[in-house]
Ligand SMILES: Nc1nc2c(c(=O)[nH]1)N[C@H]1C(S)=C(S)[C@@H](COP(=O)(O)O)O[C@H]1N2
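First, one chain by itself: the form predicted on its own, in structure tokens.
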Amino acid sequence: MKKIVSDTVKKDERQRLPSGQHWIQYPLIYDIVDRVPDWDMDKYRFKVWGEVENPVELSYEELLKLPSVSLVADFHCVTRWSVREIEWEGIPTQEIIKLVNPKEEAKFVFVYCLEGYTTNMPLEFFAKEDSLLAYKMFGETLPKEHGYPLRLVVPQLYAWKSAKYVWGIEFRKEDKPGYWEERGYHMLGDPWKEQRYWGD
């Protein structure tokens, strides 16, 4: 299996930790609901649609058959903590892009999650080599509290963009704010520019 080391890890040590962050040992858990329900995986479907030539709908078992990679990446939360070198395994987002063949006008993606969470990002960040849809973490099936069955991991952006419990990706012509973006968080969220909130 191909192993990718994120550019976030390769940075010079003095630049590796974004301004305003501090290192902790293991990622903290945040959710927008008090209790995350158990998912019926027999009914789970991963869907991709919008400005694409080939919309897809896949079961979890079909997802696991797609080409996969391992990824080592630092993880930066907007609440000012960071974790070094989390090990993920999953499907490179570039494989999803090849599968659906986005139309020329597709410039953004909008991510849908099973518990109601959403987030947005430019297609260029979704398409980076170190972005993936993870189903394993530290060599084990992704723990429920960290996003089972599928977590989008985008190391180049703050961790609220690395959405948990993902079921859908919409390719869009125009940007649209997701759950936290509607509540004042930055539309992009670049940790090295401290893009935490609107106006940053």
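Throughout, we count residues from 1 along the sequence that is shown. Note that the structure is a prediction, hence the values are computed from the model and not measured.
If you look for the form predicted together with the ligand, you will not find it shown, but the lines that follow are about it.
**Student:** So which of C113, V100, A106, A127 gets a non-hydrogen atom within 4.5 Å of the ligand in the predicted complex?
**Tutor:** Contact check passes for C113.
**Student:** Please identify the residue among G168, P27, G50, P149 with any heavy atom within 4.5 Å of the ligand in the predicted complex.
**Tutor:** Flagged contact: P27.
**Student:** Test of understanding: in the predicted complex, would C77 fall inside 4.5 Å of the ligand by heavy atoms?
**Tutor:** It does: once the ligand is placed as it appears in the predicted complex, C77 has a heavy atom within 4.5 Å of it.
**Student:** Answer for S162 alone: is it within 4.5 Å of the ligand in the predicted complex, judged on heavy atom distances?
**Tutor:** Taking the distances in the predicted complex, the answer for S162 is yes, it comes within 4.5 Å of the ligand.
**Student:** So, in the predicted complex, is E57 in contact with the ligand at a 4.5 angstroms heavy atom limit?
**Tutor:** Residue-level check for E57: no, no contact with the ligand.
**Student:** Look up in the predicted complex whether D31 has a non-hydrogen atom within 4.5 angstroms of the ligand, and give yes or no.
**Tutor:** Answer yes; at least one heavy atom of D31 falls within 4.5 Å of the ligand in the predicted complex.
**Student:** Looking at 141 to 149, 57 to 65, 40 to 48, 128 to 136, which stretch has residues with any non-hydrogen atom within 4.5 Å of the ligand in the predicted complex?
**Tutor:** The contacting stretch here is 141 to 149.
**Student:** Mind listing which residues of 78 to 98 have a heavy atom within 4.5 Å of the ligand in the predicted complex?
**Tutor:** Only a single residue, W81, comes within 4.5 Å of the partner.
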